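Consider the single chain below, provided in structure tokens and representing the form predicted alone.
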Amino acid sequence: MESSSARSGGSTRREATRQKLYEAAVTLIAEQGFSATTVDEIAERAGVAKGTVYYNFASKSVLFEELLRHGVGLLTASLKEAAEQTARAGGSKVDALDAMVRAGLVFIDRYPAFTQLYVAELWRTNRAWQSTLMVVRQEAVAVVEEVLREGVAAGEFSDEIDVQLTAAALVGMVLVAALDWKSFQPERSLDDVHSALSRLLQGRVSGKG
């Protein structure tokens, strides 16, 4: 049997390889679409042999499904961490939502190709990975739902709000606003975009607050 250090080293190398494949796949699929992207192209972009792709993933579809899990998992983790950091600092639930908005923007700024791909896939209903996409989407939205429910329980938010729809709307706001920022207003800073969304979140758009 392998020693624990050998197993650990092998696991680390495999994870690094999978990360290269994720990055290659998301870039190519964002550029030319899933159907037009071949395993050969993914392998070439990642700098590995074609067999390495199949060693890690049974097919291109499985690779893409795991890519969705991986990417949305990173987003979900960043949202959770933002909420938890705010709680540890004694912030309000509005502060937690604001921190999550910023965390979402930071994620999208770092992974714009994945975000573009993810949003595009949300509109498609005939994909083999549709059920997986719905599961991982709900995991991300559930983090926001939890903060909203806690805010309602604490009296910070009205008990009349629709928690599920509000959470989905907040996540959607960040995704769409960020894509607009990256595509049409790239000269704006992350702080500038966050400030605009923060004002919207805190109900100060009318100027009466």
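Note that the rigid core is defined as the largest set of C-alphas that superpose within 1.5 Å between two forms. Only a predicted model underlies this, so the values are computations on that prediction, with no experimental measurement involved. Residue indices: 1-based, along the sequence shown.
Beyond what is shown, the protein has a form predicted in complex with the DNA; the following relates to that form.
Chemist: Scan V176, I161, A49, A153 and let me know which has any heavy atom within 4.5 Å of the DNA in the model of the complex.
Modeler: Only one listed residue qualifies here, and that residue is A49.
Chemist: Tell me, out of V141, V39, L148, L28, which residue has a non-hydrogen atom within 4.5 angstroms of the DNA in the model of the complex.
Modeler: It is V39.
Chemist: Out of the stretches listed (64 to 72, 153 to 161, 168 to 176, 49 to 57), which one is close to the DNA in the model of the complex, meaning heavy atoms within 4.5 Å?
Modeler: So the stretch in question is 49 to 57.
Chemist: Can you check whether S11 is within 4.5 Å of the DNA in the model of the complex, heavy atom basis?
Modeler: Residue-level check for S11: yes, a contact with the DNA.
Chemist: With heavy atoms only and a cut-off of 4.5 Å, decide whether S198 touches the DNA in the model of the complex.
Modeler: Although the DNA is absent here, S198 would stay clear of it in the model of the complex, with no heavy atoms inside 4.5 Å.
Chemist: Align both forms on the core first, then report whether S198 has a C-alpha shift of 2 Å or more between the shown form and the other one.
Modeler: After core superposition, the C-alpha of S198 moves less than 2 Å between the shown form and the other one.
Chemist: After core superposition, I'd like to know whether V26 moves between the shown form and the other one (criterion: C-alpha shift of 2 angstroms or more).
Modeler: Shift at V26: below 2 Å after core fit.
Chemist: A178: CA shift of at least 2 Å between the shown form and the other one after core fit?
Modeler: Comparing forms between the shown form and the other one, the A178 CA shifts below 2 Å.
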